[in-house]
Each structure stands twice: as structure tokens, then as C-alpha cells.
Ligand code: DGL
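There is one chain below, alone, in C-alpha cells, taken in the form predicted alone.
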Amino acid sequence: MSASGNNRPIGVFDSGVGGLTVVRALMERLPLESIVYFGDTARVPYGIKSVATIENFTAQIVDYLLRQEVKMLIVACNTMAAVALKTVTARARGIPVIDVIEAGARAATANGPGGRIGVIGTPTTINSNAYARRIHALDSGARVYSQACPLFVPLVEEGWLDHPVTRLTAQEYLRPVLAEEVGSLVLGCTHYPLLKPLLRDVVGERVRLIDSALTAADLAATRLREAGLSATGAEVATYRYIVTDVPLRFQTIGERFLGRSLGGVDRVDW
């Protein structure tokens, strides 16, 4: 790494491709910041693995990104954030650590106490109860209604973002949450921002959609400013993408998530 000081990159990592929605939000929110993205595509999905295994994989990724001299770590994977956040902070050597669950919980409680908040995510994230715990830590009076949506990830990766099957699936998943008259709905998976237009149609205008990618980018901007680590603009921002495997569809899916060309993708062998 040739960059130094404030122009060091932000390290963003995920179990696969979904965290590119966070990278996209960072690019738009913080255009001066360089980014190194790490997707553990060879070992995805994490949700079916044990906590000990997820912690071990997470530690490997954090150590790799620290060798890239990142100035901040963003845990873009909800599964990692739910079960391995302590591993990240313990190894981070004092640099700021942000995770999508914390960012989403802060945004969900920002409108005042005692809100009715819906959370959708993968079964692993929902079963971990991580969002509900973070939300209640910020607002003990909040009412949280969680719903696992296991079919959303494969539908997004298939590119069925506005398909009748996806719409019917969303209506079925969200019916019990909407019956609780929630005011906010946290999109608790980095795949879900791609479904925002469809979800907006399903939930209506009254419900506030909380995009964990956007909230993570906002929180990153705040933390960088508070720590005096914001990029100076003296160097052109660079973007690197590192994966552990490059499956045939990675480029296509990745560019859909990022909203632009990925350019080169590097593969790392442990």
C-alpha cells in the first residue's frame, strides 16, 4: 500500500457478494475514500456454519485487511456482525469498526423512543436476535417484530428484482410484520437493498425502509470525521476487490450489486 495517513483505504468485508451494496453506498456517500472489499466467495454461505468456524474465518479476513493497512473496518455481513463482532474488535488494533447491524439499529431508533420496528433478514440473522438486542439496547421501549425471508437471497442473485414470484414472496413474508403496524422496516441483509423498489410497493409509503448499506455508509462518514481520518482528496480514490474464489457468475452478480463495472477482481489463496 502506497497510501498513507488519512488516504489509507476503508476495509469492507462480507461472506460473499452482498457487501458490495455497502461499497456502492460508500462510493456515493464518501467519493474521496479508497476501499478494499473482501468477499469470502469460496466459503459462502456462512449462515449454515458453526459460530467457532465463522469466528475463525472472520479472524482470517480481518488479519488480511489489516495487512492492507486499512484505516477502518466495516463488517458488511449480517451473519458475521451477529456472531463474530467481538472477534473483529479484538483484532482491529484500535481502528474504528462499524457493522451493518449497529448502523441499522441506530437508524431504526432515530425517530424517537417506543417505535414499532420490523426487521427482515436471513434465518441465521433473525435467529441470532442480534437486531432486536441492539435496538433494545438503544431504546428499551421499542417493539421489534422479526421475520426471516430465506428466499430473498436466491431471488436477488437470480436477478428477479421485480418478478411476480418475488412480489408474491415479499407479500407473504411481510404480511405478519405489516399486521403489527410497524413504522420502520430494517432491511437486515445486504442483498435486500436491491429489492427496495419492490418492497416499497408492498409496504406502502407509511413504512420507513431502513437500508443497512446506506446507514453503514452514513455511520462510517461520522466515525471517520470524529476520528480525524477522512480522506483529504490529495490522492484519487481507488477500489480493490478481493475474493477467495471467482465463480462464473461473480462478475455479473457483483456488477448488479455495485451498479457499475467491477474492473479487476483479485483472488487470494490462504
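Numbers follow the displayed sequence, beginning with 1. The structure presented is a predicted model; accordingly, all values stated were derived computationally and were not measured.
The same protein has a further form, the form predicted together with the named molecule, not shown here; the description that follows concerns it.
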property	result
Heavy atom within 4.5 Å of the named molecule in the model of the complex - the one residue of 153, 85, 138, 95 that qualifies	153
Residue (of 210, 44, 220, 243) lying close to the named molecule in the model of the complex, criterion heavy atoms within 4.5 Å	44
4.5 Å heavy atom contact, residue 134 to the named molecule in the model of the complex	no
Contact of residue 191 with the named molecule in the model of the complex (heavy atom, 4.5 Å)	yes
The named molecule contact at residue 169 in the model of the complex, heavy atom, 4.5 Å	no
Contact flag, residue 128 vs the named molecule in the model of the complex, heavy atom cut 4.5 Å	no
Contact stretch among 195 to 203, 182 to 190, 111 to 119, 141 to 149 - heavy atom within 4.5 Å of the named molecule in the model of the complex	182 to 190
Contacts with the named molecule in the model of the complex - residues in 61 to 89 whose heavy atoms fall within 4.5 Å	77, 78, 79
